[in-house]
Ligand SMILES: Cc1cc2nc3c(=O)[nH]c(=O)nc-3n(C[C@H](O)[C@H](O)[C@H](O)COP(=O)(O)O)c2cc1C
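Shown next as structure tokens: one chain only, the form predicted alone.
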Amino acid sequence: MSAPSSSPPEPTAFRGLMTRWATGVAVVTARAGGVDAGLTVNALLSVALAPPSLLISLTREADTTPIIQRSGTFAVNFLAADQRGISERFAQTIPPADKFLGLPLHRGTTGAALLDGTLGAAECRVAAWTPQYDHVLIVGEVVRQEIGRDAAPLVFFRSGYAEASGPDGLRLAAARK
């Protein structure tokens, strides 16, 4: 382990550290005024069981952020290991409508797109909105949930996706040089 520094790390160095934290992968979706938006996230956590609530962290510039702000709702779609293509699509900077083209989905009670074939989804009502640096932390109270299929999760580690080796096993990505 390297010695601690007396000054904060540079953003690139901090990003390198955070690649060592394995995370699940989800797609956050929202709908306002007939417009769908969505993006891939791994900054997601369960806040409380009573009431059931989640926290997501989005950049202020993400096209989904103002849609969530206008609608006051969002959905979190938990991706399965075989949905890497969906994760990559929603991670791109492309028009929001293009992200949804040809994807099988259904609408939740909030109107947000719920992607078919996921491990599950949670529809949330915004309970707190906290600007923090170049991001906004959004706490959502879960108003409805769906349990999806039983499959291996999509996992991100060391700037790469984990590979499923069956429904109960994952092989993490090798370190990138």
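The numbering used is simple: start at 1 and walk along the sequence shown. Here the structure is a predicted model, which means the values were calculated and not measured.
The form predicted in complex with the named molecule exists for this protein as well; it is not shown, and the discussion that follows is about that form.
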Whether 58, 92 and 99 all lie within 4.5 angstroms of the named molecule in the model of the complex by heavy atom: yes
Here the chain is shown alone; which of 151, 32, 54, 39 has a heavy atom within 4.5 Å of the named molecule in the model of the complex? 39
Position in contact with the named molecule when the complex is considered in the model of the complex, options 139, 119, 142, 62, heavy atoms within 4.5 Å: 62
Does the named molecule get within 4.5 angstroms of any non-hydrogen atom of residue 128 in the model of the complex? no
4.5 angstroms heavy atom contact with the named molecule in the model of the complex for residue 43: yes
Only one of 142-150, 105-113, 63-71, 45-53 has residues with a heavy atom within 4.5 Å of the named molecule in the model of the complex, and that stretch is 63-71
